[in-house]
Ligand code: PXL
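Before any questions on how it binds or moves, here is one chain, the form predicted on its own, in structure tokens.
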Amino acid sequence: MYRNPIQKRILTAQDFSCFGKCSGTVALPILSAMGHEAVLLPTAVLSTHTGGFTGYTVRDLTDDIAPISEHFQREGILFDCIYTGYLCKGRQVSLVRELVKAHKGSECLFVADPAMADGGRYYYGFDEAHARDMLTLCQAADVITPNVTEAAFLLGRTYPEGGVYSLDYANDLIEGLRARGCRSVILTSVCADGGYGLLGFDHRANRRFSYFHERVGCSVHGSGDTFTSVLVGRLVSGDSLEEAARFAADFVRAAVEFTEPHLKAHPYGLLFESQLKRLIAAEAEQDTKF
């Protein structure tokens, strides 16, 4: 059996953009900086990410998912965590669900980011059918990290007109997801009642939590992917869900603040590399606890 006795091994199944900062190009360096072994199963390869670019190429790798999974099984490659992100529409979601079923042992954490929508709209090519497929994946996960739009669409609800909603509305989304069989939920990009941040429910601890701060005056491509990647890394390192969520939120905020002055020259992604030293230092501090 190929278990790594030195590092935690995380399999992430999501797309890979050759240029741009999102999905796999964000997850791999972040998880590596946190001291983990990052394994990528690419669900698609794009020439660039889809935010602000036109004419990009897309290679759908749906037909490769099962053979890759089967090879991992034959080799006895074991994972401490499986983390899924952007998945293509159609049978890819069910194939990834089967991959998780095949590789998720009792000690393996499964985190699903239902990356499919934002700002009240689906990403290009996605629709209600994809949301229904994504819900089945989320129901199998230990932790999910939808933004407010994704949570609403997972539940088959409309996003509030103008993006105006209350904390009660956001909390009701979490309760709706729990009622549909989702376990621990981190609801991200919550902008309500003058605050900006996240709401959470920790299934294992059976408790709610929230974390808000003053909103930075811009949004940057890849912020959600960065948040979930850091969250996953901290969970695998031993943080509680609330601790990991707070750390990830602080990391993203610092990266956004660093990126904001450079957006005119660098509009295509979060300059997360500027903050990697935070991850390395935090991991070293974490090591001293054990």
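Throughout, we count residues from 1 along the sequence that is shown. It should be emphasised that the depicted structure is a prediction, and the values quoted were computed from it without experimental measurement.
The same protein also has a form predicted together with the ligand, omitted here; what follows describes it.
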| request: Answer with one of H221, R246, R253, H36: the residue that has a non-hydrogen atom within 4.5 Å of the ligand in the predicted complex. | output: H221
| message | Just to confirm, with a 4.5 Å cut-off on non-hydrogen atoms, which of F153, Y86, F79, Y83 contacts the ligand in the predicted complex? | response | Y86
| request: Quick one: find which of 231-239, 261-269, 41-49, 60-68 has residues within 4.5 Å of the ligand in the predicted complex by heavy atom distance. | output: 41-49
| For T12, is any heavy atom within 4.5 Å of the ligand in the predicted complex, or not? | no
| said: With a cut-off of 4.5 Å between heavy atoms, is C22 one of the residues that contacts the ligand in the predicted complex? | reply: yes
| task | Could you confirm whether Y196 comes within 4.5 Å of the ligand in the predicted complex, counting heavy atoms only? | result | no
| Touches the ligand in the predicted complex: S17 (any heavy atom, 4.5 Å) | yes
| request: Could you list the residues in 223-248 that come within 4.5 Å of the ligand in the predicted complex, counting only heavy atoms and keeping sequence order? | output: D225
